[in-house]
Every structure is written in structure tokens, then in C-alpha cells.
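What follows is one chain in C-alpha cells, specifically the form predicted on its own.
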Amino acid sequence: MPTGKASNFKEVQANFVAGNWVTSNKVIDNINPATGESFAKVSMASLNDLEKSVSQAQKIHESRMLYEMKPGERAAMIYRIGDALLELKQVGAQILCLESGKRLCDAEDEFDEAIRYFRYYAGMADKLEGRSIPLGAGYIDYTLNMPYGVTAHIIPWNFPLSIAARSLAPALAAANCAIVKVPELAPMTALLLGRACEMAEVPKGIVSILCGDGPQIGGALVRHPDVSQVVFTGSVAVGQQIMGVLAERVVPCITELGGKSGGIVARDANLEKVLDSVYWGIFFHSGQVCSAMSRLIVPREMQDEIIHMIEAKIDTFSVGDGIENNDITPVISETHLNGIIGSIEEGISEGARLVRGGHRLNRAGFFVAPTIFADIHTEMTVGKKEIFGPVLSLQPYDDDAEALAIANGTDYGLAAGVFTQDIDKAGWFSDRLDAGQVYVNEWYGGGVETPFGGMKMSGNGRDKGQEAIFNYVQTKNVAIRIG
């Protein structure tokens, strides 16, 4: 299991299989994207590990242990997981920084967010109430919130801890068991959830954390007859495959898929707020965020002014290792870097105007220069494809109707934004944007308490907030004839 100093891992990191730490013969290197070098080795879970995990979780579900536990006790257990993560934060944030490349301060924030998920949903465990339905004299009718049983959580590499926590916490609050499949590219931080469950004295088998090959372990989870629900965050293509399999099994799936989110800059916008959101929207974590503001939709006559402001901001950015909290950090892998560069080259070939960047930085590790395209249109690769890198595309408009059409003109609907000082205009756009969340004057407004999810091909269901816990229960109605 992940222990010791973040800079010196000598033991192979194990998987958390039904409450026990297990290694296998297959081991992968955990690569630091800032250097391209391995800093630890992680055991890959086997199909036997998966079978043990699911079997034990199903036994616990059938025993009704979690469901019949007093809600207050279940809440206390979940809260203890958050407390354990707080104890693990110092070393864990360094691990996250090393394996994902993100800034240390952002890794620390990710731990804080994960802790908040467990505390927030612990507070909801004793508030899942049914209702009484009047049927007239001689009848009693009521509803129950029933857990699905064994839930599978397939987690991406960009925010491995917080995304695992945001589905694991409500699943446990609703009395489900959980198998978490963590990503091969950034596995160790999410494996710490196993350590947190140990520290919180979660009964063995309720939670398993497995690092495994996506098609093999992830595919086996999706097909396993005892897995009653799947939660997936990742690409549209993989999400479609998962949903196709689950459709045959008639098993529900909560998905958060891709995005090509656009921020509309109104003519009266506070450009300093726009500039702040450009960093957080597309250059934070090198743009490796599903809800990144990868498009900026700007008044035609203001495009050059806005470009000059963004370029001046980029000139102030430091580039380097996330441990030192540099502004621009590496992308996750060589393969991913090559994909980003390929998308940039495709955009250039289609006639998009490259203003800045567009190349790999000449240094160790996997660094892409902050990149700006201008005068794009939605049919270009850089206007419709999720690049998942530090690539911002500016698209000009002439009137509000055109801006709205541009913003809605992709297959995605994860996020959108509006920058304006006119509250009526903000409301007009917000009501009409096809997106699961709309940010006004600040990209990434909201928090653990606010529902998050996509429209169109960006997925279905909602994470976060009160809405999320109802993903993990099924309503049972009980009608009783008296006498």
C-alpha cells in the first residue's frame, strides 16, 4: 500500500482487495510526467482479485449489513474516511503531484475536496427518508430507498482522488458496497483510499480499490453479474462501449464524458475576470479537465485585444515541476502529448490561425506550450474536438444569437460560461445554453454542494450535491391493505 515518504517508494504498491493488501506478478512503473522517469512500481490487479472483491461485496450486500446499520453509524464511518484522508494529505498530495504532474497546491486542494465529499455525504446518510402516500381508508403505503448492492466506479487519471471520492462517498451513504477501478496512469493516490478505509475501520469487503488494465479489469467489472451499477468518468468512446454492455444487462450507468465548453464574452464583460478564468479554464492542470473552457467566444472587434491580454498573461507563467507550484505543468504522458500535438497540427491544416504555442517544450518531461488559436469555426478540429490539453480556441461573433449558436454548436454539453455585467443578459444566456452547468463571470464556480453533469454527449446523471445520492438508491413502494 502507499506508505512512507513520497520521494522514496521501494516496495511495490499493492491493491486493496476486499480489505486486504495484495500484489500480483504484473507490475507497472508509475511515471512522473515532469521527468518522464519512474518513481514507484504498482501491482496490477488480476481477474482473481476482482472476483474476490466483487464476491465479498455481494456477500455483505446480501447480509444487509450496511443497509441495516443505523444511519448515524454509517454516517460516522463515512466521516472517519474523510478524517483519515486528512491524516494522509501531506504525503498523499506529494504522491498526487508526482504521478499526475499537477501543482502541489492543486494536489492539496484535491485532498481537501475529497475530504469534503466524505463529510458532506456523511451528513446525508441519515437523511435518506421515504414518504407516506395516502391511499384512503384501510391502506398504508410508503416508499423505501434501497441500495443497488455492488457498485463499480471507473476513475480517470486527471483527478483520481476527488473523482473517486465524489461517487464513493454517496454510494456508501446509500448503503452500497463499492469496487473502485483506479487509472494505470495515476494509481497511487486513489489507492490511498484503501488505507483511509482501514484507518476508518470500514468492515473488510465493503470497499475494494484496484489498479488494473482498463479493457481487462474495467471490462470484467462492467460485465460481472453481481455488479448492479456502474459509474464512469472518461471518454465518449469508452462510455459508449460501457453503456452498450450495460444496456444488454439492463444495469444503470452514471457517466461524465467529454466536453468542448465555451465561454461567451459579452461586450460589457470585465476583461480582468475573463483573464483570470482563462488560466483556470484552460491552462490549469495543462487543460486536462473535462469541463475546461477550451473555447472563448468573443466579439469580433474585441478578439485582438483579448488575445494580446492573454498573451501578456502567458508571458508571466512559470513552467516546470508541479512540486514547485509552477503555473504550467506537464501533461500526463508521452502518448497524450503526441495526441495533443496531432490535434494542433490538424487544426493548422484546416486553416485555424495559430497565434501562439503549438509545440512541445524543449525540456525533460511531457510539456506542451500554452497554445492559442484565433478565427476558428465550430467545424474545425480545434472547434469541436476535445483536445484535453492547454489549447485555447477563440471564435468571434457579431451578435448574441450567433454567440449562443456557437456555444451550443458541438455534440457536448458539460459546461458553458458567460462574462457580462448585465444580469438580464446573464440570465438570458444561462437559460438557453445546452450545458449541465453554467458559470457566470468565474469559470469553475460552485463546489461539492452543486450538482455536476452533462447534457448531450457529455454524459447522464449528476455528481455532487444532493442530487448525486439519489443515483445510488432504488425506490421501493410498499402498499399494505389493513384488515
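One rule holds for the numbers: they count along the sequence shown, beginning at 1. On a predicted model such as this, the values are computed, not experimentally measured, just so you know.
Below, we refer to the form predicted in complex with nicotinamide-adenine-dinucleotide (NAD), which is not included among the displayed structures.
No residue of the trio 274, 396 and 439 has any heavy atom within 4.5 Å of nicotinamide-adenine-dinucleotide (NAD) in the model of the complex.
Contact between residue 433 and nicotinamide-adenine-dinucleotide (NAD) in the model of the complex is not found at the 4.5 Å heavy atom cutoff.
Using a 4.5 Å cutoff between non-hydrogen atoms, residue 226 does not count as a contact of nicotinamide-adenine-dinucleotide (NAD) in the model of the complex. Residue 256 belongs to the set of residues with a heavy atom inside 4.5 Å of nicotinamide-adenine-dinucleotide (NAD) in the model of the complex. The closest non-hydrogen atom of residue 121 lies beyond 4.5 Å of nicotinamide-adenine-dinucleotide (NAD) in the model of the complex. Residues with any non-hydrogen atom within 4.5 angstroms of nicotinamide-adenine-dinucleotide (NAD) in the model of the complex fall in just one of 159-167, 359-367, 297-305, 86-94: 159-167. This chain is displayed alone, yet in the model of the complex one of 388, 284, 373, 148 has a heavy atom within 4.5 Å of nicotinamide-adenine-dinucleotide (NAD); that residue is 388.
Put simply, of 214, 351, 244, 138 only one has a heavy atom within 4.5 Å of nicotinamide-adenine-dinucleotide (NAD) in the model of the complex, and it is 214. Taking nicotinamide-adenine-dinucleotide (NAD) as positioned in the model of the complex, the residues of 216-245 that bring a heavy atom within 4.5 Å of it are, in sequence order, 218, 219, 232, 233, 234, 235, 238, 241, 242.
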